[in-house]
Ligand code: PEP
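Okay, here we've got a single chain as structure tokens, the form predicted alone, with questions on binding and movement later.
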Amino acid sequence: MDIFTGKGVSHGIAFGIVSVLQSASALVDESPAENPEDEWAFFTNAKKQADEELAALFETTRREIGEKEAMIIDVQRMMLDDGDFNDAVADLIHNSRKHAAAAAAQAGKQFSEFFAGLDDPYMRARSADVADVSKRLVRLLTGGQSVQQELHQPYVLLAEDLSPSETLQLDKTFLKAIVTRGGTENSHAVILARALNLPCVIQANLPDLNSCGNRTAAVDGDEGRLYLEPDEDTTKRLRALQEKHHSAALQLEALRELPTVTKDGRSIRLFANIAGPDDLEKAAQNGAEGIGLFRSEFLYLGRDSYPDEEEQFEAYRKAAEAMQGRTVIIRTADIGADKTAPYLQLPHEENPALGLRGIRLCFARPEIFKTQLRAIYRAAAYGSVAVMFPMIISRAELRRCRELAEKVRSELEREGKTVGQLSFGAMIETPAAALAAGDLAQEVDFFSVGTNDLTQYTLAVDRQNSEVGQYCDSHHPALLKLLQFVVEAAHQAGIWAGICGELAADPDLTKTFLQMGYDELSVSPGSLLKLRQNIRNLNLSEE
């Protein structure tokens, strides 16, 4: 039996066969190639496939976004035939005996770094294009962006880390637990695990992942441990703990239809965070009173082109109908930073968390924003739908959002399309938004605090960087003061305020949030019943 330890971030016990997720970069063969001519043929074929993909992407982008944005893709097609880039790959293959994927990756890195160091802004922007072309070639040469061992039985996923798109594409049918070498408490792997109520361990001292595939495993999400080939005593002990968890879950089932109210009569709305329609059943099973955060950006990830209006409309309509009159709050696409895809063609940024993301990207590419708003307005005819805007820092931004929304609504009505009424909200994710809450409240119907980003920006701690995780104190006095300020500003303006970040499920802060006056808490479906139990056991009149 081998034991590996990490940080347990989603509780529970699970057993299964190990399935390893390897990224394309991890699949690059760095050993000497035996036949350079074959490798050059592989590279030439990959170039042809990449050009075909980019040609299709050009047409889709031109049609759905615009001619100007599509020209970026034409630049990448030209880079595939760039003489210097191809000469560098040829040199690495023929003279350094590199495999095609390794040569494409190394040449791409060299040229991307070269462009990034230039003074001319246009040439610096080409750095991201070179990097994207290189990644596309490596993906084609290694068989995919990521490769997961396919198992048709209960499995434990092991990975270095999980990107948002990789998280989205996981086969969840038999997934029982997630263990990663990297990761943070607010990473997308953790959010997924909590949503599915699966054990999750991050920052684990894993061995070489290639040595782990197909081994039997047990995961203790309470203690943060992975057991490979667990012995009989360990298995018996963990099975007993698993049964204890199961019994506790059955007891929580009795709370599904009960109101979320404290012992002294304070009611609060308990909503669910979801990544798409597939999470609706889980939310309903756990007694969600509404959807407090529909992460619409996940409709854009793990694919090769933008979701069109009809696809988005169907996803939002399904949510509206499923909730049967209960509120569904759709966050407009919070793309950028760590949530991106190659076809988005986002520019290279030194500090992407501070860059073109959220509402900023929507303003930069209004056709994306307009298409999404059209789908949301149409879905609002099928239920109680609200929309909220991410990464807001000023009242002017909210006015701009509302003006565009009104133009979209008028356009749909002129086309004879059925539209519904929307309420509008602002996500409070930056200190600027929190401190300007009084002004922002004049433009919207509600606030929803995204505590993951608010913590990051308030404390100047990258929430995706495990090296500084010790400084990410979600109980920091500065953060709590901002939270108090936001809810007071909301109520003074006559609007309601909720919390949709992961902090909303923190049992140590539940009483604090209710005492502050928050009207709604939105958490992952797997956290709903436990939070309802905690709230029903509270007496706010007691110190």
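Nothing here was measured: the structure is a model prediction, and the numbers come from that model. One-based numbering along the sequence shown.
The same protein also exists as the form predicted together with the named molecule; that form is not shown, yet it is the one meant from here on.
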*Triple contact flag Arg136, Glu166 and Ala341 to the named molecule in the predicted complex, non-hydrogen atom at 4.5 angstroms*: no
*Which of 425 to 433, 467 to 475, 311 to 319, 243 to 251 lines the interface with the named molecule in the predicted complex (heavy atom within 4.5 Å)*: 425 to 433
*Quick one: does Leu293 come within 4.5 Å of the named molecule in the predicted complex, counting heavy atoms only?*
yes
*asked:* With a cut-off of 4.5 Å between heavy atoms, is Gln76 one of the residues that contacts the named molecule in the predicted complex?
replied: no
*Look up in the predicted complex whether Arg194 has a non-hydrogen atom within 4.5 angstroms of the named molecule, and give yes or no.*
no
*With the partner left out of view, is Asp334 within 4.5 angstroms of the named molecule in the predicted complex by any non-hydrogen atom?*
yes
*Asp132, Glu443, Asp220, Glu297: which sits within 4.5 Å of the named molecule in the predicted complex by any heavy atom?*
Glu297
*Among the candidates Lys98, Arg365, Arg374, His188, the residue which, in the predicted complex, approaches the named molecule to within 4.5 Å (heavy atoms)*: His188
*Can you tell me which residues in 450 to 464 come within 4.5 angstroms of the named molecule in the predicted complex, by heavy atoms?*
Gly450, Thr451, Asn452, Asp453, Arg463
